[in-house]
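Presented as structure tokens, the chain that follows is alone, the form predicted alone.
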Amino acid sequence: MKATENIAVLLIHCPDRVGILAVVTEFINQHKGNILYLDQYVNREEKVFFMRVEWDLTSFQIPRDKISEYFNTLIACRFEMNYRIHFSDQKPRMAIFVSKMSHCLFDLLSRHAAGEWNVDIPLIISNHPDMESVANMFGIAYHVFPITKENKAQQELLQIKLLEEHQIDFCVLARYMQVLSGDFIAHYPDRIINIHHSFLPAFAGAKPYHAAHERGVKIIGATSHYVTDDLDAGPIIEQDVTHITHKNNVEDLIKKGRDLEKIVLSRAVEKHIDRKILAYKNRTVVFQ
């Protein structure tokens, strides 16, 4: 979606019942909204209904600041819905966290600079000064918070304060080599996106590509997910793999792995920006 478009996006999940699709579309049609996209899914095991719908607001008869109130009163309460309404001209604000590796950071900033994403990036946060030159290249403020075991809690409080000052909507960990505390995560539930090699837990540790090479793997992968208190086990957004042969050495695996990491992370970020993800329990519904 472009910021210049006049579009509303509605995301819903609720107990599955007959007639939900009909009443939601009727609500939009009845008030002169033009539906541009609609997708829905039912989890039959848990009997939960999920839906995403976009509609053009140009001729919509309900003022946009009243849409949520009307929808809640007329439909959401009746069907016990959890819902969110977004507007295309409300550009999300994203903060990037990085340590010493540049591949994911460069990819995110290049896509933003190329105008691929409807998002603002006011700042980059790091526990090291190494990537400041990259931030300067793209004209983005770079903030260093050195982290030790002794100062971690205090530094996280300062980071949260900075994020709040800049009205950050969500955070992206572009190979940020620090484990966020539960207190930090609680400020951004389902709004912190991480990337890691998908060897976990089979190839955990500091040298996963070395371990994979020794085992003779035939594929390697990367996984992007929302961060939760359960380390590297939050709801998965995006995954991909690439093939490996006996001819590939450790350096080949690292290069291929990093290429995957930046692609998978950027796909996840794009889906979040476009409001195409519904997190439910420890899983996601990712709409196309």
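If you superpose the two forms and keep the largest set of C-alpha atoms that fall within 1.5 Å, you have the rigid core. All residue numbers refer to positions in the sequence shown, first residue = 1. All of these numbers come straight from a predicted model, not from anything done at the bench.
From this point on, the text means the form predicted in complex with another copy of the chain, which you will not see here.
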{"item": "Partner contact for residue 234 in the predicted complex: another copy of the chain, 4.5 angstroms, heavy atom", "value": "yes"}
{"item": "Contact label in the predicted complex: residue 263 to another copy of the chain, heavy atom within 4.5 Å", "value": "yes"}
{"item": "Interface membership of residue 215, another copy of the chain in the predicted complex, 4.5 Å heavy atom rule", "value": "yes"}
{"item": "Distance check, residue 40 to another copy of the chain in the predicted complex, heavy atom within 4.5 Å", "value": "yes"}
{"item": "107, 243 and 286 all contacting another copy of the chain in the predicted complex, non-hydrogen atom within 4.5 Å", "value": "yes"}
{"item": "Listed range touching another copy of the chain, judged in the predicted complex by heavy atoms within 4.5 Å, from 168-176, 143-151, 75-83, 99-107", "value": "99-107"}
{"item": "Residues within stretch 158-186 having a non-hydrogen atom within 4.5 Å of another copy of the chain in the predicted complex", "value": "none"}
{"item": "Residue 68 C-alpha relocation of at least 2 Å between the shown form and the other one, rigid core basis", "value": "no"}
{"item": "Threshold 2 Å Cα movement between the shown form and the other one at residue 248, rigid core reference", "value": "yes"}
